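Only one chain comes next, encoded as structure tokens, the form predicted alone.
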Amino acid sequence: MALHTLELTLEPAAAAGPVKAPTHIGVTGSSDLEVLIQPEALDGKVAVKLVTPVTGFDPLWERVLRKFIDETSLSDTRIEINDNNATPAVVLLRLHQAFTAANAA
């Protein structure tokens, strides 16, 4: 199975800052995904690397990621997502779990 990699650099509408600590949430398994999130100086931006077996959904991924960044005002953060056919709802759930865990540290 070939994997598709999508790399985005997104800028939040309002930058609140990075997460407090590196965090790993989830497991790459059937219809799930894992999220790794860590603070990194990126001039106020968020860098995302996504690896997925699904092709043709780059615009949807970008909308989901922009929604998350707008909701959290996240900035100066690197996110890595390893996907195995997760739905957009699961993607947002895992992103919010990672954000919450990283800020609770």
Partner chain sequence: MSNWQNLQPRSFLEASARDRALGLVDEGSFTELAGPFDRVTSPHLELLGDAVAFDDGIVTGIGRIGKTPVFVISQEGKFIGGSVGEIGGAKMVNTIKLAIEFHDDLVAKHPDLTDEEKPVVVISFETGGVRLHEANAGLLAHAEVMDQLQKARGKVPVIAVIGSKVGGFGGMGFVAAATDAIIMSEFGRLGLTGPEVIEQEMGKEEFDASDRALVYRTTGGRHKYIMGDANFLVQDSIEAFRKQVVELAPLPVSDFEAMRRIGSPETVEKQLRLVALAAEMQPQDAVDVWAKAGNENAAGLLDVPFAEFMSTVKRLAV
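All of these numbers come straight from a predicted model, not from anything done at the bench. Residue numbers count along the first chain shown, from 1.
The discussion below concerns the form predicted in complex with the partner chain, not included here.
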Considering only heavy atoms, tell me if Lys20 and the partner chain come within 4.5 Å of each other in the model of the complex. no
According to a 4.5 angstroms non-hydrogen atom cut-off, is Thr72 in contact with the partner chain in the model of the complex? no
Is Asp76 near the partner chain? Define near as a heavy atom within 4.5 Å, in the model of the complex. no
4.5 Å heavy atom contact, Thr55 and the partner chain in the model of the complex: no
Each of Leu3, Val27 and Leu36 having a non-hydrogen atom within 4.5 Å of the partner chain in the model of the complex: is that the case here? yes
